[in-house]
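Quick heads-up: it's one chain on its own, the form predicted alone, in structure tokens.
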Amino acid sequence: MISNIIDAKSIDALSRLVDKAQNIAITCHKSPDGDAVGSSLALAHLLYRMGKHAQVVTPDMVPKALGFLPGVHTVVVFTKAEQRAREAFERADLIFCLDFNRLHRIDKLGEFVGQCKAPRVLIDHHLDPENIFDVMVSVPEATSTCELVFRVFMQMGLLHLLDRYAAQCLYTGMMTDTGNFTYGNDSPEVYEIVASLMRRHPDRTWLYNNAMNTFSADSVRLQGYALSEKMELFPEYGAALLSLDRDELARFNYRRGDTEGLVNKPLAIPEVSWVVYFREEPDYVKVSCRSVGDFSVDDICKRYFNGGGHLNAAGGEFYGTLAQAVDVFHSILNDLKKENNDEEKQ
């Protein structure tokens, strides 16, 4: 049985807002992944089946690799159609914020959303949400925001609206945020949710192949290069470092999503318990971190990279050069060594 883990007062408040709303805007974090896009599209589809008008607006482009998701062609991209995006929020009488905990996670769209008069609803599984939402469904223990969207509709008594298309989106988000259900999903209820989704007849094999097992030739070559030429190992610290600059990305015709999953690969090495991956962007360095066991990459990203996330999966941004980001990584190793030495002396 799937338990009601979301506070009943939040569900009641959300139900009242949805009942009154007719034009609803939905947004998610920049550089959206399977969970962000999947939860947004599923929610839009479910609201549409309730007779609402729902528009998904992303801060930037949806990765081409997620182009198989039902409804992705309806997404308005802020960086490509700013006026249409603004109009969607201006006419909205309710705004859903999915898979992010702070407005800076939606980049330039954050300032605009923060000024909107419509109520804002947060559905998210990241730690420490910003206190700027009228209703907050914040459950860091959840596998994904897609899981939470399912639970919200379950507790609202609206699962009868969940059809194959919404199930495909929710399953994709849960699958990608757990590495095909290999981490972050210890609760048996996760599989009960999956079973409920499977009763809507999504093609699980097709979804897996599209979301996690389909790469362009350039992507395969880029990831191979990163692992063979750029991976650095630090056995003393159980650490691995990957870094790619803009010239290297351009050499392999990089497109967003081409390095999806790369940060996880060094964890296959028994001596590696945590990984940092730096990808140079035009204005900053994107940081992705993964770990196994009780090593908290959430702490690493919070302390050093203006970010955070979960114990074993976190990310952030570094505003400086790639070389400076690498220097920070080495300073982390020094800090860990000092902390370990201090603990041994106590």
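Keep in mind the model is a prediction, meaning the values are calculated, not measured. Numbers follow the displayed sequence, beginning with 1.
Another form exists, predicted in complex with a small molecule; not displayed. Remarks below refer to it.
Looking at the small molecule in the predicted complex, residues Ser288, His310 and Ala313 each place a heavy atom within 4.5 Å of it. Of the candidate stretches 63 to 71, 280 to 288, 37 to 45, 50 to 58, only 280 to 288 contains residues with a heavy atom within 4.5 Å of the small molecule in the predicted complex. The small molecule is not drawn, but in the predicted complex it has no heavy atom within 4.5 Å of Arg151. The small molecule in the predicted complex is approached by Asn306, whose closest heavy atom lies within 4.5 angstroms of it. The closest heavy atom approach of Arg120 to the small molecule in the predicted complex falls outside 4.5 Å.
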